[in-house]
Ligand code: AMP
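Next up is one chain by itself, shown in structure tokens, the form predicted alone.
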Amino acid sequence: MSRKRAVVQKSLAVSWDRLAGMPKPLERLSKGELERKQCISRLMTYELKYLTCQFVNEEFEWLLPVIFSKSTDPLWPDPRASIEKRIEVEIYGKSVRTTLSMILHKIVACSLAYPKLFILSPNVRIERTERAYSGIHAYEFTQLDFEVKSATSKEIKSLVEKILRGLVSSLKKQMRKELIYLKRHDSLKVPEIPFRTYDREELQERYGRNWETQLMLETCDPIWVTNIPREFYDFEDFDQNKWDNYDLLMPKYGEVLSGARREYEYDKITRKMERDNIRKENYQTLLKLAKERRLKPSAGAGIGIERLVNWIAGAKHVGETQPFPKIPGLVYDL
């Protein structure tokens, strides 16, 4: 055997060792594993049908997603962001980025034309390799992003609670066979509303820096966590030193939704950008609209579609919910 071939085979062996316990590509699944994959896919289909119908019934406009843009979510200085690389390409002589999230687009669209909107938005976030083992991270995923003009955080949270309670109740009736197959029918409970709410500062005082991990081990129900330091577009009360935002955490599975009331005043946005060393030239349209007072108060959130199915199905890794798993650090052929 040539030295080069031996090195390649050793490299492949190490690579497949790393894949142990990770979701596999379709062509490597056994018959039983394919049946499980198909079962999870049926739950995904039902979830998408239910959620989109509910938002349409609530008179939301269904917009199409943006893939490339000069402006996208900076994902900074959120302490929980773990982006290793940002994808930039050149088209028509201009540098554009793949969508990290459509928050900025939502804010503008909601202010100018669509008072209630939602989008099934593909996101590309090249997470650090160690996130592969979290069970909830993928470097490509889809969010159901939505935004409501003049809404409060309380109104958004109430809407989410009503929709998720209805989703779980409907799943247990209509997808009973699939949930039984996945051994999830009995353990998946219809959540009581309203969900409990915790302040992030209080959780840090009680549990320390790893408050989320500890909380997930103790809770049996979906919970809200508020007041999380994040990007410039989340509303921040400078006087109270509080953030008007919220994450929804599922027991044992962590965050499935992130949202906030939005900043819309030019002076506050620019002050926060300067504080956080955000490059203003990347957000010229947003700043122009804010300066002209064309940005309006709004609130909204993004629901991680794969993460929500992950919790519903009781899967071990979010990659199980994807036909072609996109696991940090691992790149399959398809």
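Please read all numbers here as calculations on a predicted model, not as lab measurements. Each residue number is its position in the shown sequence, starting from 1.
Below, we refer to the form predicted in complex with the ligand, which is not included among the displayed structures.
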Partner-contacting position among H137, H105, K149, R184 - heavy atom within 4.5 Å of the ligand in the predicted bound form: H137
Contact residue in the predicted bound form, chosen from Y198, F141, W243, W211 - any heavy atom within 4.5 Å of the ligand: F141
I119, heavy atom within 4.5 angstroms of the ligand in the predicted bound form: no
4.5 Å heavy atom contact, V225 and the ligand in the predicted bound form: no
Proximity of E155 to the ligand in the predicted bound form, heavy atoms at 4.5 Å: no
The ligand contact at V256 in the predicted bound form, heavy atom, 4.5 Å: yes
Candidate stretches 107-115, 202-210, 188-196, 256-264 - the one whose heavy atoms come within 4.5 Å of the ligand in the predicted bound form: 256-264
Residues in 100-125 close to the ligand in the predicted bound form, defined by a heavy atom within 4.5 Å, in order: R125
